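The chain below stands alone and is given as structure tokens, in the form predicted alone.
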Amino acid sequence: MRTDEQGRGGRVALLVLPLVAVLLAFYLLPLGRAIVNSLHAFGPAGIDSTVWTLENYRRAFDPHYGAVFLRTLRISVIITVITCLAAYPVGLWIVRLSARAQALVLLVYMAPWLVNVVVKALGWSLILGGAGIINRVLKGLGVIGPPLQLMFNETGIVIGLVHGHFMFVLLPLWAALSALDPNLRWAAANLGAGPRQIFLRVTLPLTLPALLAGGLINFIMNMGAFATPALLGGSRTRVISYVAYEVNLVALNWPLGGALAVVLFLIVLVPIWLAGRLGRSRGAG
């Protein structure tokens, strides 16, 4: 029996080994390199590996970069909240459809993710621009005079990323709602609970972990998004990914770019840690 278990464990290890190698080569090693670079000074010749310093982290928290981090965090939270609020009624509507209709509707919601992010952002620019569809329609109806400024600001970024990342909240929420036993709602109704009480005391608590998981994925992707904020927000509404691009690939200041990346990584780790704590406390309860 022990030999069989060891053989099974060896086969599992062989299956996992390629994934570990990919993570090591394309994630952990570059991340480690960025951390090491962030602790070196930057000079006219590039990275000065003879000097170890925390100056890059001090600069990462100065008012200029600090404001960009706060803007990125604010936009990411707004997008996550909007997406979570929008995903719930959509998820409740989808689970009431037939199995075939559910598959079709989910495919429609997933379709934007199959399109290149740059193409999607350019498509949104045709809709949100000063001469775009929205402004032309509103102006033709006499609703507005000067065109609305829907691009090159936070509004454009929020619209583009809510659309692009919506499915990452919808899919886990739909899975949780589909797995929910309808007898629970039936039992609650028999005990006198109304639709509002059934939702708040049965449906929402049982599907909240899926909603939080989707929201966490959504938040992480919002924090690291680059193409959509760059094209719809522009240089006047820069997020940290845009600034990191300028620092690393324009100024070639890899130590400061590494510090910005490490700070962003640590910020993203905070909600992951909180979610882990929340999951352990729910499990213990």
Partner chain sequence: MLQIEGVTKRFGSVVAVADVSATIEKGEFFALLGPSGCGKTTLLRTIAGIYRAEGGTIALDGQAIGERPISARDIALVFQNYALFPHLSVFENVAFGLRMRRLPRREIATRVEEVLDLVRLRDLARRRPGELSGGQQQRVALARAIVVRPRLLLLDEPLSNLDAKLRDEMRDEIRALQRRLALTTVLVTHDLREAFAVSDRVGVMRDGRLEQVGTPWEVYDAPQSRFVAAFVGHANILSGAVTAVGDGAVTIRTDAGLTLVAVRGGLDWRPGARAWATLRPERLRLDPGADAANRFETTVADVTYLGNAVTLRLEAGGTTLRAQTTYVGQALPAAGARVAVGCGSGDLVARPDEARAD
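Positions refer to the first chain, counted from 1. The structure displayed is predicted, hence computed values, not measured ones.
Form predicted together with its partner chain: not shown, discussed below.
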Given 140-148, 94-102, 193-201, 171-179, the stretch touching its partner chain in the predicted bound form at heavy atoms within 4.5 Å is 193-201
Among the candidate residues I75, A210, A188, L128, which is the single one with a non-hydrogen atom no more than 4.5 Å from its partner chain in the predicted bound form? A188
From A86, V119, L184, I133: within 4.5 Å of its partner chain in the predicted bound form by heavy atoms is L184
Just checking whether M110 would be counted as a contact of its partner chain in the predicted bound form - the rule being heavy atoms within 4.5 angstroms. no
Wondering, does L206 line up within 4.5 Å of its partner chain in the predicted bound form on heavy atoms? yes
